[in-house]
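One chain is shown next in structure tokens, namely the form predicted alone.
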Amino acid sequence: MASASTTPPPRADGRRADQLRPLRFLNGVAPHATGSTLIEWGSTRVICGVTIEETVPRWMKDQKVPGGWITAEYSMLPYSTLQRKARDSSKGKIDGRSSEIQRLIGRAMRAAVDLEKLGARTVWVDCDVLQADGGTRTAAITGSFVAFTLAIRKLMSQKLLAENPIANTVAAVSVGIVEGQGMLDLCYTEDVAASVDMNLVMTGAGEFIELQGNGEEATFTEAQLAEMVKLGKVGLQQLFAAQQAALATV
């Protein structure tokens, strides 16, 4: 990884190595959802919508597990990429990447919530990618927390919840090594050029929910790992602030 005294290579969009792409939340874009937001993160755009079912999965009933459940679905719309992406329904099954991401979204939301306080209900988090330019999974997680919070606020305003079940904030960001330089929040061209790619999912309390990282036909050192985690934490603090600002306007 380049030292602090070395001039880093210019990024595709002119950002500093430790700089996020522009970020914006547009809340209430899906009026039939209990809570929703459109997260615009650079050129990546994801609609996150939350709906509620007043029941729990059968396995919870059978095992007499108290509380509620949170699950997620993730999809990339056919026109979200440069070349048309076929819908999963046309293939008859969810592709491996989408399945992995929606499980990650569900785990991230459940890690932030006291499921017993949620009550005997299922929360569905649906994330639909309108436009992809890198970081769709991190955008989906970061946007899902905003949509989920809006949904919980609505349940509480309707007196359906006596206590807020949200225990912590959650956000996610990508980091990587491109041409030997650690970089925060990779866009698509940086992502495909990265020798190391990593996603950090964390709570506002600074605890890890998930750390996904791998070398793309490359290895990385412990020092590079530490630098990427440090960059990720810088970005996450900005994301938590952006989430709170988006929720403060409602």
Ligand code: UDP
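Residues carry their position along the shown sequence, with the first being 1. Bear in mind that the values here come from a model prediction, so they are computed numbers and not experimental data.
This protein has a second form, the form predicted in complex with uridine-5'-diphosphate (UDP), left out of what is shown; the following refers to that one.
Enquirer: Picking from 143 to 151, 127 to 135, 113 to 121, 162 to 170, which part of the chain touches uridine-5'-diphosphate (UDP) in the predicted complex when contact means heavy atoms within 4.5 Å?
Expert: One stretch meets the cut-off, namely 127 to 135.
Enquirer: Looking at the partner-bound form in the predicted complex, is Glu40 within 4.5 Å of uridine-5'-diphosphate (UDP) by any heavy atom?
Expert: No, Glu40 is distant from the partner.
Enquirer: Against uridine-5'-diphosphate (UDP) in the predicted complex, would Lys85 count as a contact residue? Criterion: heavy atoms within 4.5 Å.
Expert: Yes.
Enquirer: Should Tyr188 be classed as touching uridine-5'-diphosphate (UDP) in the predicted complex when contacts are defined as heavy atoms within 4.5 Å?
Expert: Although uridine-5'-diphosphate (UDP) is absent here, Tyr188 would touch it in the predicted complex, with heavy atoms inside 4.5 Å.
Enquirer: Any chance Met76 has a heavy atom within 4.5 Å of uridine-5'-diphosphate (UDP) in the predicted complex?
Expert: Because a heavy atom of Met76 falls inside 4.5 Å of uridine-5'-diphosphate (UDP) in the predicted complex, the answer is yes.
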